[in-house]
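Just one chain is shown here, as structure tokens, and it is the form predicted alone.
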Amino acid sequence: MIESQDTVLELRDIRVHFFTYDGVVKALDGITFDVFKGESLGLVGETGCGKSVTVRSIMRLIEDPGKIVNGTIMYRDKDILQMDEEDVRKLRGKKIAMIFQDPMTFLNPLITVGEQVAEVILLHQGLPGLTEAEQEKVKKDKMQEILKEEVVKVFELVRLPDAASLYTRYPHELSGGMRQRVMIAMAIASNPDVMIADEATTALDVTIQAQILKLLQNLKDDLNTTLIFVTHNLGIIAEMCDRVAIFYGGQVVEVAPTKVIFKEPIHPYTKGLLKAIPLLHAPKETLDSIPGVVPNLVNPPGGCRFNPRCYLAEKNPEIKESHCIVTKPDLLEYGSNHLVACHVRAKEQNK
């Protein structure tokens, strides 16, 4: 893998299984990539390819019937997967925060949005400017007053209108875009090192989506934080991200700077994704598509999980028989910061 002097997250050989009545779903099969301080990294792929499972693994949010069965996730010099539950709770929200797709699922409908953000501030950083001993002496009314001031500041930071009056509003009283801004406020309340946005704009209309994307960009720069952006929309990736990791069937098949992915994709799956995007300057009656279907992860294909749909494998039957259907390809370097997992491309490079 590419080494960096300022790597904030290192994922190595992450494997996640879900134990269901139909069998063991092998959701992640050796996910490996780095996240660098201050960058925006996009995770892209079809529905069910493992993007959300990956970021939930970083947050240690994989629950029964799921289990992380292998790998390491290093945050700085600590393996998140080896931490005890108390240390994970201290890390989650304070150092690594997550913005979920559906605010109405993750906001408590019985508590005002102001109180929910105040709870995050109190849990992870306490009352600003006071020691723990001083905080214990603060009366409840005074504490609520200080917390409200801090919450209003955060609401203003995420561009919520009339921030002071929103403190006492409930989630159902807000629009979808405002609820998503509250979720972002909760994520940035403790100035996290890493911010994860998991399909954070999917449920919003296009106009509000653009506003939220611009807000996330500005917050990342203003707070000097790192952003991991999960989406299936390559247009958003082109606008938002410095680098991209392409997922397929629970595997990472290509990682590269965004400009390189769009101009010089190497993996056949990445090429297929880009060809399927409609272009305004070159209208088509029929869009290109990748033949076949996504793999069944209870019984996935052997070796490279893309091999049943891969035109390169079909053109190189000897390599397919000896490598593609037998061995999972390693992520190999194809230039500066460009990693690709493909047996055929590896053979071509070694010629």
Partner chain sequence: MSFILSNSIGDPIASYIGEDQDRLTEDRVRILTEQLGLDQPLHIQYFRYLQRLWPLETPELTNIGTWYLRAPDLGVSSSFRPPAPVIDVIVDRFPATAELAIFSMIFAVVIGIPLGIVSAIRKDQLPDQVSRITALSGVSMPIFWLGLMLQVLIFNSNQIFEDLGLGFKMPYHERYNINKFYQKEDNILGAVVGLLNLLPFLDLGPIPTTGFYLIDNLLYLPAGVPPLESIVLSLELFVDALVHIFPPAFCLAWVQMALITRMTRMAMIETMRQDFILLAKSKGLTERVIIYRHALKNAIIPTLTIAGLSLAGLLTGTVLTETVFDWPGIGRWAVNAVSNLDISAIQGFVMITALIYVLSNLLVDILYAYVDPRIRYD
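Positions refer to the first chain, counted from 1. Please read all numbers here as calculations on a predicted model, not as lab measurements.
Keep in mind that the form predicted together with the partner chain is missing from the display, and what follows is about it.
Only one segment in the set 316-324, 35-43, 59-67, 300-308 has any non-hydrogen atom within 4.5 angstroms of the partner chain in the model of the complex, and it is 59-67. Only one of 218, 125, 82, 108 comes within 4.5 Å of the partner chain in the model of the complex through a heavy atom, and that residue is 108. Think of it this way: in the model of the complex, the partner chain has a heavy atom of just one of 241, 261, 98, 151 within 4.5 Å, and the residue is 98. By the 4.5 Å heavy atom rule, the three marked residues 89, 119 and 183 all count as contacting the partner chain in the model of the complex. Within 4.5 Å of any heavy atom of the partner chain in the model of the complex lies no heavy atom of residue 156.
Residue contact check for residue 177: none of its heavy atoms lie within 4.5 Å of the partner chain in the model of the complex. In the model of the complex, residue 93 approaches the partner chain with a heavy atom inside 4.5 Å. Contact check for residue 145: no non-hydrogen atom falls within 4.5 Å of the partner chain in the model of the complex. Contacts to the partner chain in the model of the complex (heavy atom within 4.5 Å) from stretch 145-175: 170, 172, 173.
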